[in-house]
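Only one chain is included here, represented as structure tokens and corresponding to the form predicted on its own.
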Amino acid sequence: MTTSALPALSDIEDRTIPGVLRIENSDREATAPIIMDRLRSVYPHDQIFGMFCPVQDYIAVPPRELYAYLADPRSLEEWSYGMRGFAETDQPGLWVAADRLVPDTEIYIRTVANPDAMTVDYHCAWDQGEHLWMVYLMRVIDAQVVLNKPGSVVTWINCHHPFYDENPYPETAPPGREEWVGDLWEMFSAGHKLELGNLKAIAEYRASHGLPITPDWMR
């Protein structure tokens, strides 16, 4: 599979922001110890995160601006760890990208966003775009309401769909791929915290440097 790179972070010198971990500057081998360090062995992981994976953070960016950025699936080209080369399919609103966490793997994404509630749901699936069963539920909240200060609170919840336990469409998988997305479930919490940290660092960098939160290349 070949993909073309989008101009992600092209408004930032050297495309480098301290604290942002992307596959370009930290490959899977280098990032694995960081993920493992964020997992705590003192409690059973399934007991805490068995059916749901919730993460949240405060981001010092106006909520409407952050929502508009997240509502465009191409934002994942910047703040996700390894989704790259976004291209729109022949179905309006359905995008495909390479999930570089695993070789030769395509991920399909459709965004369902509600500007009134500032919810952004990414409906995704590996290998095929007919049944988008991996759903990432995000909400941007006005921090003035909940924390009495300007900015945004972002919540992100992932539910353990039963398809994580077994690939429902093995015929669409690339030949020879042994790893399945559900094999990584126990790392989702730490991995999503890493990506939410990327979102925070990128958005706050732009805000503090007078740059639009949604860069020109996405407009």
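Just so you know, these numbers come straight off a predicted model, no measurement behind them. Between two forms, the rigid core is defined as the largest C-alpha subset superposing within 1.5 Å. A residue's number is simply how far along the shown sequence it sits, counting from 1.
Below, we refer to the form predicted in complex with another copy of the chain, which is not included among the displayed structures.
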> Using 4.5 Å between non-hydrogen atoms, is residue 60 touching another copy of the chain in the model of the complex?
Replying inline: no
> Should residue 129 be counted as a contact of another copy of the chain in the model of the complex, where contact means heavy atoms within 4.5 Å?
Replying inline: no
>> Quick check on residue 90: any heavy atom within 4.5 Å of another copy of the chain in the model of the complex?
In response: no
>> Against another copy of the chain in the model of the complex, would residue 182 count as a contact residue? Criterion: heavy atoms within 4.5 Å.
In response: no
> Going through 137-176 from first to last, which residues have a non-hydrogen atom within 4.5 Å of another copy of the chain in the model of the complex?
Replying inline: 137, 138, 139, 141, 145, 146, 147, 148, 153, 155, 157, 159, 160, 161, 162, 163
> Does residue 210 move its CA by 2 angstroms or more between this form and the one not shown when the core is aligned?
Replying inline: no
